[in-house]
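One chain comes next, on its own, written as structure tokens: the form predicted alone.
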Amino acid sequence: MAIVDPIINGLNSGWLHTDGSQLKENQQFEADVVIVGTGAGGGVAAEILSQAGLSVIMIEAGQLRSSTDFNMEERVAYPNLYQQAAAMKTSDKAIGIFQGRSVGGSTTINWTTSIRTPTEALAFWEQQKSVKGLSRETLDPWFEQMEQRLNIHEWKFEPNRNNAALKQGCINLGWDYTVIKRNVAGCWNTGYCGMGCPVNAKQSMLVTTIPSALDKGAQLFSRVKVVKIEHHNGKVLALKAQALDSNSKPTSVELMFKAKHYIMSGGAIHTPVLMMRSDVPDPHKLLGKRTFLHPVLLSGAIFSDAINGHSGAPQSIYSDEFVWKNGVAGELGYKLEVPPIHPVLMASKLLGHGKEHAEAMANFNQFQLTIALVRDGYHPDSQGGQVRLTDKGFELDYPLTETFWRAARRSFASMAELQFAAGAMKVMPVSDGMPYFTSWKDAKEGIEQMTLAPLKTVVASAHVMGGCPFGEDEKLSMVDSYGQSHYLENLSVMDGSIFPTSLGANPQLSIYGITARNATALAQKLTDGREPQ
């Protein structure tokens, strides 16, 4: 069956796309709206604003790729599609962070898990963070709209063996589990979502909203980095940008973008960084503060049968048994999922060294991996991290507190119990020096005694949130509940940086739904002057 490539077809039909590496001289461009970033927020905003009849420019620092480029090889995907070649870390190197860097942002390389914002998070935001209008009842219609738009459905096929182990362990223990909704259409079930979908089944921004906006006349700039927001007297005047070469290095070509309205959608690290670098008003010093991850712990297990975690839908089952168990603001909860298992990812990111590493790699096809995503930002002692400007760019300082380590120890115990209940022969908490345990009893005792520490215990994350929070109280927020800046009349923020806490769930659908609501309100305001009700 022929694979339709909407990017190649669109470019051949005359889409307005400019590759910054091809520019030779300084230029200026104008539109009704300029959007910085093309991920979950930028893509949705671009489609909605274009459909409203507004002229739109999208600016993306990454390259424009298509399914033709996605050959399912890790050595190609990580340097081409990920921030810092998938090697980004917090300032102390204790947490590895995965973020996308191409047109479509992280939606191009995520694992398709689509979960609505938890009710507990929405209630906490309203009660503690001055967010208004985002109740379960008011927000669900926007989720329904985006689920229909992006073909988000419950995965109807059998989970792969990696996910099936999670499901079986939950069944045997009587724990909660849920079949995941995925944004796919015509999925081939290859298991290589993290390397870009080679058959365009994943309904990422790359093949949905961005082509739709370009069909409506929007203009896309790839390999162009916005370096400064020019503003004066409470209004943005222009965006200053640099063209990047084929190695993503700045060239001498400078670009200027002017618009009636500007949207920041660069994600929870780069949106606050750009705003800080531009000295936008921040009287309460909120930018970059309370940046949240879902710090992830990992537990490996060897099964007697083939797991083949590299094959099949990467994520199709999750368990919320422990997410809210101790109350919203109590001891930190954690979500249980599984990741895909590919050789480079496993060898370089997940395991320590020595004989445990060698044994795990030797048993690659029998290796099952369960992960615990710790929910941060609700407990008084889980205040997340801080993005700071440095001489070389930025850093994310993310201290791991004792409160987090208590959750880590509980999550290691939960994962081991689940894996043994699912039939594992032996289980190893992924922390330097930990052995394989051959029974749940031994694992429980070993986990109670294990030493947990930064750089010793493997911690990773693919979810970055916060740093530019929304709400109505200016002491707590940079933008209002519609993403409109409190201080610059023609600036909005539409990405995961507006979340005042982590979510306790994978963030892409939360960004889609809330951006759809806020971009629709902005389109009404820009076209006929109507303010949000």
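What you are looking at is a predicted structure, and each value in this text was computed from that prediction instead of being measured. From 1 onward, residues are counted along the sequence shown.
This protein has a second form, the form predicted in complex with a small molecule, left out of what is shown; the following refers to that one.
Although the partner is absent from this view, residue 411 stays clear of the small molecule in the predicted complex, with no non-hydrogen atom inside 4.5 angstroms. Proximity of residue 111 to the small molecule in the predicted complex falls within the 4.5 Å heavy atom cutoff.
In the predicted complex, the small molecule sits within 4.5 Å of a heavy atom of residue 36. Among residues of the shown chain, residue 462 is one whose heavy atoms approach the small molecule to within 4.5 Å in the predicted complex. With the partner omitted from this view, the residue of 295, 377, 100, 309 that lies near the small molecule in the predicted complex is 100 [heavy atom within 4.5 Å]. Against the small molecule in the predicted complex, the set 41, 60 and 506 is in full contact: each member has a heavy atom within 4.5 Å. Only one of 22-30, 462-470, 48-56, 64-72 lies within 4.5 Å of the small molecule in the predicted complex by heavy atoms, and it is 462-470.
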